[in-house]
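In the form predicted alone, a lone chain appears below as structure tokens.
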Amino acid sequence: MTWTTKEVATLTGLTPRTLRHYDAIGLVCPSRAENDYRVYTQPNIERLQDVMFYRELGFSLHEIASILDDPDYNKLDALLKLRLALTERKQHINTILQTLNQTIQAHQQGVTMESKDMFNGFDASLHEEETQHTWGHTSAYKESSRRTQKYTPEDWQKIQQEHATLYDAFNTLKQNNTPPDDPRATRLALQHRELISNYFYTCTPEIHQGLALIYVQDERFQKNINTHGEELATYISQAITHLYQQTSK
């Protein structure tokens, strides 16, 4: 049995343009019929399915071609590994979905979600590439990378808990209309610096003041911190800034 390009497009949901591209780069090359039309045979269809499995897992076309064209490629072994990877992804998505549902429920009920439950399922490594691109040349990043490689999942949970507790403490002051230059806010700002130094890198006053600027200039940092309280990133930034205004007097 054979299929035309149009039939394969209907079967897979891929566009004819995509199929022609796969043919052009040698990824999935249909056979030629007697009339010189492209037709897809059963092996072509099976290879295309393999391609789509790997694409679901985020592999690039170049990576997929390298895998499928490897002389040692074993179809069954590859499928079993794909099933394991997709099962792990399903479990990961289920955990993220549970965290999302808990967050929605907390908002609907007007209650504060337990900070220890707020980050269940998130993959911190997704943020690593951008962080390394931005900070990878600095000694602080290298120190942080060296130290964090040794951390266990339990260590990360403890670190996340301490950060959440500190942010919640900042937010309590803010909700009580405590000025960011209040001594209590200043003490929390100092704890913030100590927390970074304890777990990641030596956070000098200069680095700490730089973080204060990032917290209000970078929208991604703002969104992350503001999950603990409205406009909390600005409040923490102001408290950190005041810490060094005091020490410089």
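Note that residue numbering follows the sequence shown and begins at 1. All figures in this text were calculated on a predicted structure; none of them were measured in a lab. Take the two forms, superpose them, and find the largest set of C-alpha atoms that agree within 1.5 Å; that set is the rigid core.
There is also a form predicted together with another copy of the chain; it is not shown, and the following applies to it.
Participant: So another copy of the chain isn't shown here. In the predicted bound form, which residue out of Asp182, Glu63, Glu194, Glu56 has a non-hydrogen atom within 4.5 Å of it?
Facilitator: Result of the distance check: Glu56.
Participant: Sort through Val39, Leu48, Ala212, Leu188 and report the residue having a heavy atom within 4.5 Å of another copy of the chain in the predicted bound form.
Facilitator: Checking each option against another copy of the chain in the predicted bound form, the one that comes within 4.5 Å is Leu48.
Participant: Closest heavy atom of Thr103 to another copy of the chain in the predicted bound form, within 4.5 Å or not?
Facilitator: Thr103: yes, in contact with another copy of the chain in the predicted bound form.
Participant: Even though the partner isn't displayed, in the predicted bound form is Thr18 close enough to another copy of the chain, meaning a heavy atom within 4.5 Å?
Facilitator: The answer is no: Thr18 has no heavy atom within 4.5 Å of another copy of the chain.
Participant: Verify the contact flag for Thr234: yes if a non-hydrogen atom of it lies within 4.5 Å of a non-hydrogen atom of another copy of the chain in the predicted bound form, no if not.
Facilitator: Residue-level check for Thr234: no, no contact with another copy of the chain.
Participant: Taking another copy of the chain as it sits in the predicted bound form, is Thr172 near enough to touch it, meaning that at least one heavy atom pair lies within 4.5 angstroms?
Facilitator: Contact check for Thr172: no, nothing within 4.5 Å of another copy of the chain in the predicted bound form.
Participant: With the partner left out here, which residues of 57-88 have a non-hydrogen atom within 4.5 Å of another copy of the chain in the predicted bound form?
Facilitator: Heavy-atom contacts to another copy of the chain in the predicted bound form: Lys75, Leu76, Leu79, Leu80, Leu82, Arg83, Leu86, Thr87.
Participant: Taking the rigid core as reference, does Leu76 move its C-alpha 2 Å or further between the shown form and the other one?
Facilitator: Shift at Leu76: below 2 Å after core fit.
Participant: Superposing on the rigid core, is the CA of Ala85 displaced by 2 Å or more between the shown form and the other one?
Facilitator: No, Ala85 moves less than 2 Å.
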